[in-house]
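A single chain, nothing else alongside it, follows as structure tokens in the form predicted on its own.
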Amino acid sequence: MKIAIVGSGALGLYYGALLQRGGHEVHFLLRSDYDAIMSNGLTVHSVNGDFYVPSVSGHKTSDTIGVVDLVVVGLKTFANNYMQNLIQPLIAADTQILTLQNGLGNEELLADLFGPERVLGGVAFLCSNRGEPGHVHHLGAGRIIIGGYQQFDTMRLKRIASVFSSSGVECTTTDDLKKTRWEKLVWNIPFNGLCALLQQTVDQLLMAPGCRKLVRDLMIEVITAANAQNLNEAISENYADRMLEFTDGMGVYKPSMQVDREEGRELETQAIFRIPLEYGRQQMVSMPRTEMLVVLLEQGKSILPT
């Protein structure tokens, strides 16, 4: 399968490297890592075993990639306004688009731009960070859950899942993508938000009893909003405890928003906080802790330590 990775950060580089190692024709749309990867290849430092991809098909523009069978979108959501220009040259009649981005609203945007029949959404439970140019560090987890945005052929969905599974990525399918998206937010909202705000790793956050309780309270707030969204099946409060146990096993880990804030980059507050808050308001669900968290993040972005 010919695959384009649009958004070659930690997520895109990691999954793209696995897909290439799995025998697929993978093309990476690169920016800051272009020179290093084209000269020296791509090195993956993984808890599952390090590996090296010596020859990478890297591109500075989508035009040189041409049409593909599958577009994997790993862009930070604050760059979504570039989607049309980045993805349009890759589209043929049967091209499918899988977004693995954080938050809400990404499938809707892609559907408006390229048609809902070709759009899939996925949630990646992945601990990874970029290292020096040409290096990505896989610190744990990595499974993906994918689903169709609207009515999507089950066999096509399973074929995409098998592409990842055969490349060493645990990949399952769901018939309730909305629920899966909100389940990821149960983790993303407290941990991305609090770790970025406090500049503490997940283990530091959870060691303090008061912070641990705040994390769980935020999780329950998100679950309450999620269950007002006409899901096929409600998310139980026990899910919050399972996510806390999952995070206890991560050890020292910086969520992506913490890294972005440390490096002075824009934060994904719209997709991860503002859109879920709006969906909650539409269903008359108040999320005061979440709202306070995003207000503090937005206020604090201009006063980062140097």
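From 1 onward, residues are counted along the sequence shown. No experiment lies behind these values; they were computed from the predicted model shown.
The form predicted in complex with another copy of the chain exists for this protein as well; it is not shown, and the discussion that follows is about that form.
This chain is drawn without another copy of the chain; in the predicted bound form, the residue among Ser167, Asn227, Gln200, Thr95 with a heavy atom within 4.5 Å of it is Gln200. Proximity to another copy of the chain in the predicted bound form, taken as heavy atoms within 4.5 Å, picks out 191 to 199 from the listed stretches 173 to 181, 80 to 88, 191 to 199, 107 to 115. Gln204 belongs to the set of residues with a heavy atom inside 4.5 Å of another copy of the chain in the predicted bound form. When another copy of the chain is considered in the predicted bound form, Leu293 lines it closely, a heavy atom lying within 4.5 Å. Not displayed here, another copy of the chain is kept clear of Ile235 by more than 4.5 Å at the level of heavy atoms in the predicted bound form. In the predicted bound form, another copy of the chain sits within 4.5 Å of a heavy atom of Pro288. Along 201 to 222, a non-hydrogen atom within 4.5 Å of another copy of the chain in the predicted bound form is carried by Gln204, Leu205, Ala208, Gly210, Cys211, Lys213, Leu214, in order along the sequence.
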